[in-house]
Each structure stands twice: as structure tokens, then as C-alpha cells.
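Coming up is one lone chain in C-alpha cells, specifically the form predicted on its own.
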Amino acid sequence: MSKKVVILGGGVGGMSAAQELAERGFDVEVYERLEVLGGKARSIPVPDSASGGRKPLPGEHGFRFFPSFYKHTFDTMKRIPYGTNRRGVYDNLIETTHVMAAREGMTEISFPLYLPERLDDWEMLYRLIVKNEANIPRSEMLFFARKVLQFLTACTERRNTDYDDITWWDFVEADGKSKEYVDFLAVGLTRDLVAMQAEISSSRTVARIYVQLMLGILQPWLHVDSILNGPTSRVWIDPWEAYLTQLGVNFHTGASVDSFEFDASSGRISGVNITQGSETFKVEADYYVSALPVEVMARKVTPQMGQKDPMLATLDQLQTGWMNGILFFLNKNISLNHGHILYVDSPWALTSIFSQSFWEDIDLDEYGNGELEGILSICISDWNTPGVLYGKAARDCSAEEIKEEVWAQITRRLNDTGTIYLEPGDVITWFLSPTIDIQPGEPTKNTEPLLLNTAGSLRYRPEAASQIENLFLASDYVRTNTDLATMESANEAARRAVNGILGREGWMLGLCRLYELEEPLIFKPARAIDRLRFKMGLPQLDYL
């Protein structure tokens, strides 16, 4: 008889764990608080937006970003059947070709994400590198390159201690540097793409992601950055649910976790109390996988569970931040850039993409009122800095004020050099993620915040296999190679949790594959030398 596993949470972590377990013959039950699966990756239909028998407009929590180092996620997607796709859902990813940086009062800067083949791409690189249109002082660019080299030659042990304890801001010595250095190198990329604040984020985490993004650009055979070719649920989550159901996974939506029951005599979880609708009941299993977000799991850990596994008791030391989406549905198709646009000097750290440019097989006439021609999908990564219209942070604004502020920050950077790309008349309607809970007279809440990798936080992040024999963790706060609050880290954490279960069951073969983050081999000898120096208590060598 197969062993039963209860998975708590139906986001990417929970669904990844369900797939790995079901493919290996386990009896899997998934309990999800929402009525739909996918967690932060799900699509959210815009209420009251459909007419004439059409589908509601396709809202999202935020745009999806699939860089080349998402190897765990890609492997999972390739095993999810989708129509005639040879590689399943993975073939629904479309490579972006360019990234654009937009600044107020200055010409936009674009550069290709592949080895240039066309004359205009070489011209872009010439403008960026030779003419230095980013206006970063060359001495500061060399200084930044030196800091990246410093990280690349540091051993893992030093990264996990010294580098984790220093903020990215302090590591790159942003104080006293030019505004351009801060906008592009110290703050811009981390804040705009992964909602990490340079002033508080671990330099270990930020540097690792910087290296991965740069390696993707330098290896043109990789897809540096891809997005899905349709609404996320339609082309990924729904086919995933169908595949898992076919494998025998049972999903229970609208089911919230109330509490764990811990048997102190055996040191095991004896059950989980669930509320679904008006009914409260206890579920029991051989193993339990918690794919709950950190802010939820921290509240569920009982004192007895914390005594059994002290790492569980420190989850409340981990911090969360906000990165949520707003969409503008347009009555015209705008092809400004075939990829992401970073508004590097925008107060609210905005990043956008024109989704319809990648939805070649999606008939937009199926949605809304029949006028839909374009979708401008935007992520707001800074909810604490005052905006330009009302002088208020995003978290202090009404939904209407957020919409007006975002529109102003974007159009001031796109419409400022002679060409008007966006006008108010282009907007059919807009949609702010409902995870931003705005109630009159009350502080705004974010019901689905994002883990922040703050300086010194690694010590509070647990392994996927807890010290409670039958409890495993499959969420982005778990220690992973990916080391960032992303779909990729949730997927990797799920694989580690499943491997923990397989280990308890005595499996020697058939474990989930885990991928390392690749770094240039040329620096491997330097890291070996640094490992010896670290063990001897000596500082890192300076190679420049």
C-alpha cells in the first residue's frame, strides 16, 4: 500500500511536490486556501469585465519572469503535457530579445539579450558600452566589476557568513557614488526584478543572482529571459492541475490550515486541522509537506514543534516585502520593446512588459468587451517610497491613486523624448492585484507578501527536511541553491522535501534531481584558495 502525503498549499511549491510524489506512486492530497491553484503564479480573472459571452480580462498577481537559471522549474514544466508540444508546458515559454531601461528626461536604452546579429543590435551595444549612454562613470563601472570579481573568488563558507551579513548597498559601497551607479548597479536591477532593497538585502543573495543574470547574457545559446505565451493559468497552471489529477492527486480548494497536532511522545505530526467552508476536520497522513508561505507557517509552529526543531521557531525572524502587479488593458497594440522595461529611476521601482507581444496564439477578442488589443503588465516593487503625484507611498494610497501614480511614473519615462507611446485614451480599464487589501480607515494589507533575503537571514532559514520526522518544507524560505524568493526556489525546495521523504522511505535511486547554480570554472582555483584562507581565519585575497 502506498504511503499517504498531505501537502499544505497549492502554489508552485505544493504542486511541484505533488508532481514529484505522484510520479513515484505516493498517495497525495493537496489542501489550498484559495479556490484556485497556483499561488502567486495564478491568473486572476478581472471581475465584471466580460460581455457578449466573452471571457473576463486576464489579470495576474504580477508578470512571470523565467530567467535561464530556472532549471528546476523548466524540468518540471517539460513533464506537464500540453497539446502537441514536444516538451510540454515548457514549449509555451517565449524568449524575450531585449531589455530596456527608461529614465525620466532621457532617451531609453535598449540592449539585446543574445549575441547581436543585426546592425541595430550592434548599434545598441555601441551606445551602451562605447558612448556610455547610461552615464555611469567609468571608474565606478570598473569598481563594480571589481566587487563582482571579489564575490566570484570567495568560497562558499565566506559567502554564507561574511557576505550574508553585509547588505548589498554596503558591499558595493553605494554611498557617495553617482546617481547613475545607484540607479543601474546598486539598486536598479535588484529592486526592479526581484523586489530586493539594496539597503537591507544580503550581498550574498544579490551577488549570486547578478552573476546568474550576467552568465545568461554571456551565453547566447541560453534563453536569458522568457515569459509565457498566454495567461499563466491557461498555459501552465490549469494543464498542471489536469496532469496531477490524472496522476491521482486529490485537490481540496477553499481549505485553510488551522493548526498542526504534534505528538510529543513520538516527535511526529499526528494530524492537521483544516477548515473548508463551514466544516472543520482533521487530516492524517504518513508524511506532511508544508508549502505555506513563511508568514503563515511561522504562526502555525507550536512551542512543542519549535522545541523539536529550533529552526522552525526562528521563522518569525524572516522578513517579507511587497511586489504586486497592476495591469492596464489597452485598445491598441504597442510594440515598444520585445522584453521587460525597467524604469530604473522610478520611485516605486516599476517594471513592465507588453504581454500581448508574446501571446501569438491567443485571440484577444475572446476577452473583455472585444476591444482588447494590448496588455501592459506592471510590477510595483517599492511600496514605501513617496510617489510623484500625491507624495505618498504606494501602501498609503487608494487603488485609484495607485493607478494614477503608476501611470504618471511610466508615461514620464516613455513619453518624454518626443514620441507619445501611451495616452489616457488608450486604456480600456485597469486592474490592481486583489492581494492588495485596501479598506477605508485601515492600514493597507498585502495578503501575499514576498520573502526578503535580508542581511544575516540565512541563519534563520531551515532545511527542507525538518527535525520532526514526518514534516517537510516546500516553500521559498527553505535553504536552496536558488536562494531567492521565486518560483524556482519553491520548486527546488519541493524537490528537497520529496527527497527527504524518499530518504525516510529508504529510497537509494529515483531521487529528484537538484541543479547547482553554475559559475565560471576559471574562478574555481581562487575559491579553493579562499576556502583554505577562511579556515585559517585569513581575509580574502584581493586580485586587483
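Predicted model only: the values in this text are computed from it and were never measured. The first residue of the sequence shown is number 1, and the count goes up from there.
In what follows, reference is made to the form predicted together with a small molecule, a form of this protein that is not presented.
- Contact check for 32, 255 and 476: all three have a heavy atom within 4.5 Å of the small molecule in the predicted complex.
- Only one of 295-303, 462-470, 206-214, 159-167 lies within 4.5 Å of the small molecule in the predicted complex by heavy atoms, and it is 295-303.
- Contact with the small molecule in the predicted complex, judged by any heavy atom within 4.5 Å, is made by just one of 375, 186, 344, 323: 323.
- The small molecule is not shown here, and in the predicted complex it never comes within 4.5 Å of any heavy atom of residue 46.
- Although the partner is absent from this view, residue 102 stays clear of the small molecule in the predicted complex, with no non-hydrogen atom inside 4.5 angstroms.
- Put simply, residue 450 is close to the small molecule in the predicted complex: some heavy atom of it is within 4.5 Å.
- Contact annotation for residue 26: none of its heavy atoms lies within 4.5 Å of the small molecule in the predicted complex.
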